[in-house]
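One chain comes next, on its own, written out as structure tokens in the form predicted on its own.
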């Protein structure tokens, strides 16, 4: 019962958080006047991109651009709640609704974030365990140096460095994009693309993860090609967050090793592996679980530069294009989806932590 009440309280906190995000993004996006808000709908055939242009009056009336900013925000929120998140032209030629762009680009970012988080967890937990058990010895010093280097290097610089290394060591390695047009096309693999007004965009079926979908369809050439494109951006993100996971596991285990119940377990003559696995690491993973969840949420919103460097067809790349093209709908849509998943994953991490440690929900 206490856990349920704790979850309800956390859910209620999410409401003002998301409202604050929408207020900030909407106000900043409309701070330069209505002409920027209608810029995505302008074409050379319509003439001047101005609020007084007679051809743009349906757009002006639809978004109430002649009304004060607070009134426009109320109608914007009404559109969000009914599924109308606006229009974006930076996603694809000709433009599309923001919700459709999110459904196309966001799975690519999730694929990247999941892969990096899984690898960082699988490597960080055992490495952090060894570092704690060999405290102040050579393995500990080596892992601490690696961790410091890992979370000190900027993502974009590490991405460029890995690209240079890949070109030097493995000539011909694919360093940009999510797939090679020479190995996959809409005519040969129609399940991997969606037709948007004559333009084909990567949107594989049924999971929207190209590597997994290629395996499900038995297209092993596409599977290997997609896997090659996934290696470098995944390695960049993994190295970037691995240091945090490693250090959290190590510090948690060192703290647990000094507790009375651990000393008692050793005094009882239990094998070292039993004490380590059952009494030390299990409790040390409590804070690490929360941190891993937050790192995953941060990757969903923090892969913008990595996706831009690798031209990865994800929501981060779309967000970059939206900023460069002054696409207010794209900026607000990507910012909001980042915020929603950040708070939801934060909530999931808090719930898991409260389940593992009931004292948190008191």
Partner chain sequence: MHRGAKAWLDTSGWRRRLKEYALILRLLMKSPPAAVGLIIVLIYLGIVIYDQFWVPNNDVMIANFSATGPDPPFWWPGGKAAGGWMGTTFPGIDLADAVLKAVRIDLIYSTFVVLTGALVGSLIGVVAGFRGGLFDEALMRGTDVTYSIPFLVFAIAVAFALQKRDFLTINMILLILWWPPYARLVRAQSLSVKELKFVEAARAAGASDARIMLRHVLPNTLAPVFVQISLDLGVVTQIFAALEFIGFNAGNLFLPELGNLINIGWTWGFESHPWTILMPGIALLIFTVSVNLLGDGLRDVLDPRARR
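Numbering follows the first chain given and starts at 1. The model shown is predicted, which means the values in this text are computed figures rather than measured ones.
Note that the form predicted in complex with its partner chain isn't included here; everything after this is about it.
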| query | finding |
| --- | --- |
| Contact test, all of 157, 167 and 300, partner its partner chain in the predicted complex, heavy atom 4.5 Å | yes |
| Partner proximity in the predicted complex: residue 121 to its partner chain, non-hydrogen atom cutoff 4.5 Å | no |
| Residue 63, heavy atom within 4.5 angstroms of its partner chain in the predicted complex | no |
| 4.5 Å heavy atom contact, residue 74 to its partner chain in the predicted complex | no |
| is_contact(residue 100, its partner chain) in the predicted complex, heavy atom dist at most 4.5 Å | no |
| The unique member of 227, 161, 221, 274 whose heavy atoms fall within 4.5 Å of its partner chain in the predicted complex | 161 |
| Those residues of 308-322 which, in the predicted complex, come within 4.5 Å of its partner chain by heavy atom | 308, 309, 319, 320 |
